[in-house]
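Okay, here we've got a single chain as structure tokens, the form predicted on its own, with questions on binding and movement later.
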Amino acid sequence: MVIEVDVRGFSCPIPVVKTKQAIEANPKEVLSVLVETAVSRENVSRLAESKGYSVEATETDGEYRLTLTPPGK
């Protein structure tokens, strides 16, 4: 199951805070995080990597989808 976190329209630190909450609530699940700025993409990626997640980012129409895969998945 993939948990989707849509934080488009929010400025930092809200995307990081909401992603952190999703990671803590679903520690073994893959997360798909939608952001709309490069700054949010970088900050969310940094958070995920600090927790051992691998991050794959794709860009579509100026928005980003970050796929965060927990360690061991």
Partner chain sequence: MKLLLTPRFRIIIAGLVFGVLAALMTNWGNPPNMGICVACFLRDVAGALGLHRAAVVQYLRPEIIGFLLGAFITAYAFGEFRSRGGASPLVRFILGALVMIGALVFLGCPIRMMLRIAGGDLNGMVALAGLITGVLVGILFLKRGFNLGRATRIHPLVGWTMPALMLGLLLLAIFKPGFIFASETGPGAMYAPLAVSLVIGLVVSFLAQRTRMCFVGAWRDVFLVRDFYLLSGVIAFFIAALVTNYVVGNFGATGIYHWGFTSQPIAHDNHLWNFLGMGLLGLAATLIGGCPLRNLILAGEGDTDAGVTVLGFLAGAAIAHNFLLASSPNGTGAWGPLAVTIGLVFCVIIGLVMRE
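Numbering follows the first chain given and starts at 1. On a predicted model such as this, the values are computed, not experimentally measured, just so you know.
One more form of this protein exists, namely the form predicted together with its partner chain; it is left out here, but the text below deals with it.
Taken together, the three residues K28, E56 and L68 all stay farther than 4.5 Å from its partner chain in the model of the complex, as judged by their closest heavy atom. Put simply, V16 is close to its partner chain in the model of the complex: some heavy atom of it is within 4.5 Å. Not displayed here, its partner chain is approached by T37 to within 4.5 Å at the level of heavy atoms in the model of the complex.
Although the partner is absent from this view, D6 contacts its partner chain in the model of the complex, with a non-hydrogen atom inside 4.5 angstroms.
Heavy atoms closer than or equal to 4.5 Å to its partner chain in the model of the complex belong, across 43-73, to the residues R46, L47, D61, G62, E63, ordered by sequence position.
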